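Starting off, we have a lone chain in the form predicted alone, written out as structure tokens.
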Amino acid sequence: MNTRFRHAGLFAFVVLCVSAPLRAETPLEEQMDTMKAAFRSIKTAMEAPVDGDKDKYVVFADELRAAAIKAKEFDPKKLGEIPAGDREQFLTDYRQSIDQLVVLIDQLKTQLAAGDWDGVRAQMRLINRVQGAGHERFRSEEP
């Protein structure tokens, strides 16, 4: 029985090792994945928020904010699709959209810390809309 578990564990490890390079995410995509996970954690928590868990929710928002700030350092793939003369403005617009997102996340953190659950939900809808607009404008269509 113990051998069966070792074989299953080894198989899982091999699958992870082999599949990890296939993802080949860019640093920006890694930050976006982190943001997605943190946002999802807050969204799930808001289904039945607990006042005693406010600090945990703020940590999720901190993770969201840190990933957004880190994402600002990287150029979107779509930059290569933009005419050379428009690239500087494209990057300026991209970075300003991240700055706007960070402001919204800071407001979210304040609401989470205060236990303003309805405000949190409304702020999350706003953040979701801003992220969606940013993805539409700055994300490349290529896989």
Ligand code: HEM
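Quick note: we count residues from 1 along the sequence shown, nothing fancier. Source: prediction; values computed, not measured.
In what follows, reference is made to the form predicted together with the named molecule, a form of this protein that is not presented.
Although the partner is absent from the chain shown here, Met35, Pro76 and His135 each have a heavy atom within 4.5 Å of the named molecule in the model of the complex.
Taking Thr92, Thr110, Thr26, Thr44 one by one, only a single residue has any non-hydrogen atom within 4.5 Å of the named molecule in the model of the complex, and it is Thr26. When contacts are judged by a 4.5 Å heavy atom cut-off, Ala66 does not count as touching the named molecule in the model of the complex. Shown alone here, Gln131 lies within 4.5 Å of the named molecule in the model of the complex, counting heavy atoms only. With a 4.5 Å cutoff on heavy atoms, Ile98 counts as touching the named molecule in the model of the complex.
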